[in-house]
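One chain is shown next in structure tokens, namely the form predicted alone.
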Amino acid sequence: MTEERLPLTLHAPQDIITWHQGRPIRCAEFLARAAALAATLPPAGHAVNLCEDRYLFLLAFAALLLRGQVNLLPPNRAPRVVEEVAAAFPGSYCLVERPQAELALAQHVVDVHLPAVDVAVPALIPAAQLAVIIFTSGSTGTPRPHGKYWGDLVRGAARARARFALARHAGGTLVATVPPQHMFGLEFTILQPLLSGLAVYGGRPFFPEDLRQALEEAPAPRVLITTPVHLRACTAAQLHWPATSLIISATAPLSAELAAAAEQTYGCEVREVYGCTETGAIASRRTVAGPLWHPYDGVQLHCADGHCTAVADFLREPILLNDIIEQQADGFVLRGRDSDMVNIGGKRASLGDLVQRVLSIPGVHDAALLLLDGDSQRGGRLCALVVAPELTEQAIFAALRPRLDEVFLPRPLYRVTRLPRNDSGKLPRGELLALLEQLRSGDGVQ
């Protein structure tokens, strides 16, 4: 039987695939550079792709595929975490933009100035090739690895491309605030530029003014890939934003109020993606239209006894979801995560819903809740960490009283300057607990 092989990219040779430092990189040049880099890579099965510049990450990603090596994507860039990931795959090395002295590992620098190598367009990759091992964020515990095969990634990208009608934005640019090492960032800022008619902006803007400038520089139509954390900051910044065609958000729940504010600010629809590292994106909704999620075409959810599994042609096996899902005729509603539900005083609530109520207080910029002195079944008490520069703890607590049942009022409540969000906007539980310990000991906050 002939091995199925799928294109690395669907762009024509003269199509722009990415923008790097203001310069368009066309597909023919990109493939030639990727082939040149692949030829220099050391023999190994795996490499940790640590490139921060999105073009260089894309180049390294493609070179590893061409060489038959696997991209390792750790949950964060902390040297100890990177070294632990590499140690789990003996013989692996790191692909970096520049040597990193803090890493005690073999490193290979991604160089965009390598002489180009002639390569047939399009390059073909075996569908059965293991392309990526990506790790969960650690927001609910220890990061776990999940392998992704090239054929499955291509099929999943096709489902997303159809759902968001990305062909209508062909010739335009994806601009993103999320890192490519996260599943959301990988799917929408690496796979879509390879497998759709859009280019991707090579930088990764973080602050609102940086993002505004990036969108200004990016050729229209512009598609913004971002998170609720960034949307909240950008809608509050009161800047004049360039015309944007579509916003796609993920990594944390997006409230209808924030989605409506973002739609008004940017003048376009805000669509929200549902998924996880294990499945990738499997459903979406326009948040202002209501709570109902619509699975991608070909995705089926099978729910029984309070548990749901996802089945799709881009999943190698049924995946058990960690969320509490209520199926309806035209989709489903999320009722919280299994690990997110708390039971205090005989009353149940979702931590995610409670956080949204905290965030609804005017003047609150960010918030997190932790369950202390118990577990989700035996109760305990809630602790709140709140970013609200212009409010006192007393004012925040007073505003919470009409919003929360008495048993869910957080005690203690700490006002902090910032929360330890990772590159994807998530809050690793270990980081939250460390911050809480710092607050309890009276050492101040970061």
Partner chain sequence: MSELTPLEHEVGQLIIDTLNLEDIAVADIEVEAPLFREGLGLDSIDALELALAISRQYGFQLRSDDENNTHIFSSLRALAAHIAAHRVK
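Residue numbers count along the first chain shown, from 1. Think of the rigid core as the biggest set of C-alphas that the two forms share within 1.5 Å after superposition. Bear in mind the structure is a predicted one, so any value in this text is a computation, not a measurement.
Beyond what is shown, the protein has a form predicted in complex with the partner chain; the following relates to that form.
When contacts are defined as a non-hydrogen atom within 4.5 Å, none of F89, D323 and G336 contacts the partner chain in the predicted complex. Among V117, L315, A237, L370, the residue placing a heavy atom within 4.5 Å of the partner chain in the predicted complex is A237. With the partner removed from view, the residue among G267, G363, P99, G345 that has a non-hydrogen atom within 4.5 Å of the partner chain in the predicted complex turns out to be G345. Not displayed here, the partner chain is kept clear of L391 by more than 4.5 Å at the level of heavy atoms in the predicted complex. In the predicted complex, the partner chain lies farther than 4.5 Å from every heavy atom of P420.
Heavy atoms of R271 never reach within 4.5 Å of the partner chain in the predicted complex, leaving it off the interface.
In the predicted complex, E84 stays away from the partner chain, with no heavy atom inside 4.5 Å.
Across the options 202-210, 182-190, 278-286, 124-132, residues that bring heavy atoms within 4.5 Å of the partner chain in the predicted complex belong to 202-210.
Shown here without the partner chain, the chain has V229, H230, R232, A233, A236, A237, L239 in 228-246 lying with a heavy atom within 4.5 Å of that partner in the predicted complex. With the core superposed, A39 shows a C-alpha displacement below 2 Å between the shown form and the other one. Relative to the superposed core, E29 undergoes a Cα shift smaller than 2 Å between the shown form and the other one. Put the two forms on the same core and the Cα of R67 is off by less than 2 Å between the shown form and the other one. Distance between the C-alpha atoms of G346 and L321: shorter in the predicted complex than here (change of 3 Å or more). In the predicted complex, the Cα atoms of V229 and L436 sit 3 Å or more farther from each other than they do here.
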